[in-house]
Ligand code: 6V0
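This document starts with one chain, in the form predicted alone, laid out as structure tokens.
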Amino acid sequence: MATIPKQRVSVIGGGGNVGAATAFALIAKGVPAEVLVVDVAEKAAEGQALDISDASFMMPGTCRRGTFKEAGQSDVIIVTAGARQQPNEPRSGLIDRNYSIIKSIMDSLQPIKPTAKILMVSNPVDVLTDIAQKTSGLPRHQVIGSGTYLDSGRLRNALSEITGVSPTSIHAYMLGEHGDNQFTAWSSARIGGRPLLEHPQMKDVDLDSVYEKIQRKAYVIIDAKGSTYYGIGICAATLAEALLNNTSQVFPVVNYVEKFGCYMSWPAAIGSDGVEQSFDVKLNGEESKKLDAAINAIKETCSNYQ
């Protein structure tokens, strides 16, 4: 009989595309954890778990269908469940449909392991992370969201094509809100220790055009195939890996930033305790205005779901 890993990650909504992609990414990345696929659609969860378990025979992780009660006792709980975003629908339009779903999930997980970390992926993720923290009863630093991590990855891929430098060597963020109020922190972006905008290949680049391409990419994918899941699946798995392995890596994730008084997408170091520290980002005047707009939008929405 195979040895069951001591660490456990549960993927809520694992019967769907995003959840299944996340669970598969955890196994494929070699994360040494027991991965539970949990969903109210038990047959779908069973099928996904069985399929993913076939990919685990060469990996240290295992995969099976789990229950909500088992998920509540996991080390990391990834929530991907929620209503699907429709073509051309802003992420904010999902809030009413997803509020009751998230609240029901948190109730079903009780009692939640005191040291568990919750990773929200469902949209609108900034607001739903706030709701998850309030309804789960866990401390703020233990509840985070995937935020603009994927958006920042898309940005780095685009900049890599322009500069010819690996995306992993480009330090640039999409920040604020994972949605219509996100913005690019161009003034703080770096490549090789120098400002990104000083790179020769960036001289005549239309920054607004780059931003628009990143901003619209999810909508393009949704229009073409119904939903996005591979990119966010690898991002969620990477964040779970950081939480389990205490890597203290910095990611632009949804975390509660005391300075701004709300959950928002902002760089934070992630480790076994959740958010270890949040960082200041130097912004110019225009970017600061965009940050204020994002904060106000998040706070206004969150105030309706106390």
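The shown structure was predicted, so the numbers you read here are calculated from the model rather than taken from an experiment. Position 1 is the first residue in the sequence shown; the rest follow in order.
Same protein, other form: the form predicted in complex with this ligand, not shown, and the subject of what follows.
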Original post:
Looking at this ligand in the predicted complex, do all three of I12, D39 and N123 come within 4.5 Å of it through at least one heavy atom?
Top reply: yes
Original post:
So which stretch, 96 to 104, 195 to 203, 129 to 137, 167 to 175, is the one near this ligand in the predicted complex (non-hydrogen atoms, 4.5 Å)?
Top reply: 96 to 104
**OP:** Examine K213 and determine whether its closest non-hydrogen atom to this ligand in the predicted complex is within 4.5 angstroms.
**Re:** no
Original post:
Is K113 close enough to touch this ligand in the predicted complex, meaning at least one heavy atom pair within 4.5 Å?
Top reply: no
Original post:
So in the predicted complex, does R84 come within 4.5 Å of this ligand, heavy atom to heavy atom?
Top reply: yes
Subject >> Proximity of I232 to this ligand in the predicted complex, heavy atoms at 4.5 Å >> reply: yes
**OP:** Only one of N181, S188, T228, T163 comes within 4.5 Å of this ligand in the predicted complex by heavy atoms, so just point that one out.
**Re:** T228
Original post:
Which listed residue (L150, I118, L159, L109) meets the criterion of a heavy atom within 4.5 Å of this ligand in the predicted complex?
Top reply: L150
Original post:
Which of the residues spanning 13 to 29 lie within 4.5 Å of this ligand in the predicted complex, based on heavy atoms?
Top reply: G13, G15, G16, N17, V18, G19
